[in-house]
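Laid out below as structure tokens are two forms of one and the same protein chain, each shown alone and named structure 1 and structure 2.
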Structure 1
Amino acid sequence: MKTAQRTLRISNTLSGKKEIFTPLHEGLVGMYVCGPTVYNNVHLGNCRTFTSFDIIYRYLLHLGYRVRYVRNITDVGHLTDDGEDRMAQGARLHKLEPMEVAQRYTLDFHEVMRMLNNLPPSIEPRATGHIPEQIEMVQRILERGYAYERNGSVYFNVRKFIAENPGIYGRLSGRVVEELIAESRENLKGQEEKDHPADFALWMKARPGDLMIWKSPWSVGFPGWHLECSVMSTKYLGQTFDIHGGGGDLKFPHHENEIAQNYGACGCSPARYWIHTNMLQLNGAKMSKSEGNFITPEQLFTGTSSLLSKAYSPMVLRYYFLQAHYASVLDMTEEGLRAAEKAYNKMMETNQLLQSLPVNTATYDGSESAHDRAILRHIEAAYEGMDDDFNTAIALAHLNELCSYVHKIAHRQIPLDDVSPWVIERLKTFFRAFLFDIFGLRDERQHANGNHLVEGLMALILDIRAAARAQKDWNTSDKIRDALAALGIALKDGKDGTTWTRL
């Protein structure tokens, strides 16, 4: 599919309007998404955000764009309200080195993303891997007069920036500057030396006990949280790029401060389109560990939460996310998960039924029927839903409408001759593209059936080998063992029989 064939509109948080998407460079898209702070397991709200951007990424690819998708790993500089680095906090709680914490929870994040079938980004930079570049940006901001050094720490001068660049700070979050300054959350413990509470740290001098520290022109210390995204987005995508995304909770202070840093360093805005996802609630309330209203991805997939009566698979969760627009609040309930599970299974069954439909060209006279027109309208409407700010809910609704046509055709309630062969083929291609390429679903039934088949075949092979061994037919026994080893399966003979594992 050529990019010129469709008009994509994006709700741009920066302008507050839905705008036609026009990339800086024709056919190419640069997209940066704020990734996880890897001091703990990924939570379901993160899963929704990253799955939403995976679908955006997939749709851009489907439209024919070449996409450079950059999603960072935050492994330094993200402080708690008490001024402690979250990685150091994780290290203290788990009695590990900070990089052990980062590695453990980065692997956890990757595994959950894999289970949800999210594509890996083109580049996944780490904050700790870009300390020199962060120091360089601080130096540029200082040179341009938008930061000041105080006792080895460097702070961004928010009031000066606002005075010299009216209309920029506060535009993204839609808040008036006075409110942002009054409500700034950046007045952290140990930053009393700032000129104003709204000023935020670009570089912090290390305190006794800080574990993650580097040398800089100002002190031995570490970079501020906001700095890493300004640095890594522009390093890999250029001073100005197409799309910057993240959770809605990042609008302020993180993204407002990112924009200020970029203007402070180069006088330009980093991204032209800003996309923010909304929150995931649980049973009508905000997820909260302290209040017991919380489920981890692992608990959801294994059914070990007291809030659930059973397990729900990763693809059921992904389908659940698809049912709402990324910018709307989504409430998760077990009733909703059950409904999503049923709808997901029906969709997979319908696709299997559709792909098996015969195409009858013998009696096709070249005319277009009313059924043809109805099917094609729903196909186009699904694309229009995705073109309208990646609205998966609209697209999914039209796929469900098409499911009824598939079942009617399969059960001869609509004669096969009443649907043109090329329309059947178009429908098959459309379903495969939307379900698997754009929505990123997998048919878990096929995976389960495949495992069942492998288990059954291996049981049969081991029975045959056991019979050969009982008859002292060592040639056959060894031949089976060696052939399986060549396929990546190892056998282990024991007193209780033979077991097998994948190498």
Structure 2
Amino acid sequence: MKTAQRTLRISNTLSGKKEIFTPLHEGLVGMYVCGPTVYNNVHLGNCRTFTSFDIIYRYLLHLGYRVRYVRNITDVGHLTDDGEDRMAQGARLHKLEPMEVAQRYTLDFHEVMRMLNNLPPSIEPRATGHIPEQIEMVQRILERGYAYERNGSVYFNVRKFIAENPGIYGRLSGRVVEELIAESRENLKGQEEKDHPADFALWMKARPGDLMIWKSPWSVGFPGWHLECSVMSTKYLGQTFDIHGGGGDLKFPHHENEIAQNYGACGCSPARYWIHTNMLQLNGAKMSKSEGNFITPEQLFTGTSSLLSKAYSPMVLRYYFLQAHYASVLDMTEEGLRAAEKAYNKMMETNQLLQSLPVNTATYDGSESAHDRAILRHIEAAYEGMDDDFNTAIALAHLNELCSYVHKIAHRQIPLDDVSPWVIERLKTFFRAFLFDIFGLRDERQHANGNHLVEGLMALILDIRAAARAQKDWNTSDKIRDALAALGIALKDGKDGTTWTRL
């Protein structure tokens, strides 16, 4: 699949419109996604966002783009409402070194991503590994007049930025700046020195007891939370790059402030397309650690959540996510998980059935039947679903339509001769590509009984043997049959192809 063959449309949160995606450099995509704050275990809401971006990444790769996917690790500088760094707060709660906290939860995060089959990003930079670059950016913003120093801390001057750069601040989150400024009446605790409550910290002077601190020209302290993403995205992707993503709850203040910082430092917007995922809800409210309204992946996979009656596997969760478009709200219910489990198992069984369908090349007469055309239409429609802002719900619906065809063909309700062999081959490749490469699913049933490799190898061997038989190469065909018999596998040649059993 070459990039030029398909037109991709993305709902750009910055413009509020669905736009045709054209990367800055042909064939290359730079994508930055805000990663986790590693002071705690991730919950299923975080998993939804990271899985959504994994599918976006996988689809871009499938279309043939070379993608540099940067997803950071926030290991410093995320202030809580009472002004304390979340990492340090976590460290105090757990009586650990802050870096021990970061390490523990980074490992947990990676393990969860691995279980969910999310591909690792191309670069996973850490905020603490980019302190000199963050100090440099603060210097640039100060030089350009959009920040001021107060007692060793540096703050971004929001009102000045708005006055000199109309139409930028508030655009992403759709906030009216006057309201936004009026709303921010009180300064955050420990930041009473700011000129205006809407201003935000670029650098914070350390207070006694602060654990994660570095030297800077202004004080010994630590960077503000929003700064790391401005710095690390532009360091690895350039001042302006293609896609910036994150959960919708990050639009304000995090992403608005990020954009302001980038403009403040270089006079340009960082990303051309902003993608925001919608929230996973539980009991009708956003799944959130701070509100205590959450389920962790571990609780889900082991069945230890008091909110659920049993365990659900990582691939069932992934399938559950796939059933909704990333931009729609998804409310987690046990009923929904059960339905996803059933649908996922059915999909995997159908795919196995499809992959084992014999391809009867001998009867291929080169014509295209009505069934052929219907199958090809669904395949194209699944691609169109993905092209239309990565709509996995639409794509999955077409795969389900195709599942009925597979069952009808396998159970002879549609005679095998009514579907062209090349269409069956196309269907097999399409299912493998969508299920495993794009949707990132794994067949957990096959992994569980250890048959995955054997099934794959047998399908390959039988394909080679069918091709030999079509060429009337009986020598090769018999050689394969005898060699398999010696390994304890019997072949049975029938009208519709060959099946195998263990002796």
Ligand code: AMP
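Every residue number counts along structure 1's sequence, beginning with 1. Please read these numbers as outputs of a predicted model, since none were measured by experiment. Between two forms, the rigid core is defined as the largest C-alpha subset superposing within 1.5 Å.
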With both forms of the chain shown on their own, indicate which is the form predicted on its own. 1
Please check if residue 461 moves between the two structures, taking a CA shift of 2 Å or more relative to the superposed core as movement. yes
Superpose the two forms on their rigid core, then report whether the C-alpha of residue 24 is displaced by 2 angstroms or more between the two structures. no
Quick check on residue 484: with the core superposed, does its CA move 2 angstroms or more between the two structures? yes
To one decimal place, what C-alpha displacement in Å is found for residue 474 between the two structures with the rigid core superposed? 46.6
